[in-house]
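First structure 1, then structure 2: two forms of the same chain, each alone, as structure tokens.
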Structure 1
């Protein structure tokens, strides 16, 4: 008995030494992230698949909570950088690019044909004609509408292609006559109003101008900004009147009840609409109408990304993982768990009609993908801008004063 135990211990020791030797033989990629439980499990599945295909590489994932991560990233990129780090596209990643903390991964994009496969996100990942990370998920914004409210007002229900801006505004007049809010929103928390402004500016002036504005490179008193607000003013009379006192869920209830016809909102709201009793039969979705004819179509789709850091100790294998994360297979896995959209155009989307509509809309956007005003602009400018949008939506006659105030803040913030 004693001999058996001794032998077992000896065998165990040999196995442990062998396992340790195997672990030492593996090359390690460190990865800092901020996933919620469901996407964390999906990313762990993606990592396991990658490691199976690359048995000589181990990906060590260190997961933080969202708010803690926003504070920690600035510290760990400077002090003890991992190989890879989660962040966001567009102007949110630009400070780390400018600071030399995110590495150029244009070679990954070129080698694996990502400019085609991830084409919709290419502009938001590009600065100085170089790509600075790999996007793996986003979700669409657009106009959700109540088909019953359309029918109650005698307005033709839009098809998948939506309607023109002029037709949308004409429909608004019909909804107003029927006692139905044409567009509802709740700006108590400010950010929902930014979604409306973003789309009007993107449709009036285009993606590049919108990015220049949120980057502080354009004056708020510029005639092109005023042109966007002139279009905004056309919509203002048809908004829910007490929106400044409403949370976004309160406005969702108005859409559910048929007291409002349209809602400019992100796809995460679909669950709330359905919890309120709407179904695929009476809930519709369309893209925001074209305003400036012929302008390349940009969309609003907050995009999550992974970046190679300039302090990476194993950049070669980290690049391999980024290439794998960009594949249709990996993006299908993680987005099915998140209930969001893959960016790889060859990925598979579930049978949810709103995700399918969003995937089609975003995959064919040829003008660029904006990240949302409070991601694309610095925090102080974002707050001031959203306060200005809310004030304009209540008192459009204050537009000149609002834009002059925002211009002063721009001079200080940037």
Structure 2
């Protein structure tokens, strides 16, 4: 909410600038987005090169703050739709598809051979055999750690292949003795906690089960869910104590300061860690440890997308821009700047070690790629689930009550 207000100010500023600089005789494509500063600059670069190739088209980007964007997208889609809008793949886009707000762009996919080039994101972009947007980036989740904190606690720094779950928990014990939080997180905005649950469930029960659970096909009171929470409970004592009052950036500060050793996070956090003064030397990355032996490894990599709206005033040129955004060069540019991974298989991955590690991790994930709890599960279930995870991380003894409540909500939502 706080960032929403600053976002509103920024938005007004952007709006004023964009109307002031409006060109007279160009066809305009309006585009609402929610980029952080670095990706915003990259997207502007992509737009500039698109405009260079299409001198008669101008793309007007209205940038929002993330959290504010999520609440305002419904309003602007139904009231004053831009031509293009940022959103997310998977279940998160389904309400807009169902409500007829996002346009079918299968023709763009067909015409430019995107089903082959963007193959990894095809399933999460498809409903009713049609594609409803163009994905341009995704990023891995995993464990980021502070090597200095490992040294301070006298724990051996894990290699790129990570550590076993037992070893990880033993390390946690040592961190605890040294007064360092083994795993930090900030669940004030709820979603960071879901990353931990997703990974524990993926590692305990596997991808298929996780998908069934988020799709509402399995009861939350199922023994396998309980097994996942039993593993979660082993980690719980080592979490940052007051995470419910922290934003994810606050927790990132704890990691940077060495007050916490590990952080289950998405790759976008690397920029924040580095702003805080960490370098490639003392920041480490590893995949989440294996819990159930022999399970095919699944990873979490949310996909960000751009959609053509049904209220678009200039759908033809907007389609052109979508096609451009799907090209290897555009995806290379924007992902290098975002520090994320391109979807287009011909694009080049940046030489940042964390990106390379993520690329390696995702391309060898034989289990499957999950989007994220709040994108795989429908909104209402996502909210209730993430609240449940947060409560569990504070009061693990309430687990049965939490699961019964989630089961009740599952009965209603699906």
Partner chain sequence: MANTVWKAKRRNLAPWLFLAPGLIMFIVYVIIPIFQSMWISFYDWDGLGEKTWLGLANYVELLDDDAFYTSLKNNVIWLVLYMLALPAGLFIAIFLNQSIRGMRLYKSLFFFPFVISQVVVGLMFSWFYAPNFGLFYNLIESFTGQGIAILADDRFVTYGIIVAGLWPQIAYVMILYLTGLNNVAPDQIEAARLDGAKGWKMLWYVVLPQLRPATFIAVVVTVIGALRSFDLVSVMTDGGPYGSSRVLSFYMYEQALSEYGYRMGYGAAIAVVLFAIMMVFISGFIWKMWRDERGR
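These numbers were taken from a predicted model, which means no experiment stands behind them. Between two forms, the rigid core is the largest collection of C-alphas that superpose within 1.5 Å. Residue numbers count along the first chain shown, from 1.
Shown first, as structure 1, is the form predicted on its own. Shown in the overlay between the two structures, fitted on the rigid core, is a CA shift at residue 210 smaller than 2 Å.
Comparing the forms between the two structures on their rigid core, the Cα displacement of residue 30 reaches 2 Å or more. The rotation of the smaller rigid part against the larger one between the two structures comes to 33 degrees. On rigid-core superposition between the two structures, the C-alpha of residue 332 is found to move 3.9 angstrom. Taking the core as the reference frame, the CA atom of residue 305 shifts 6.1 angstrom between the two structures.
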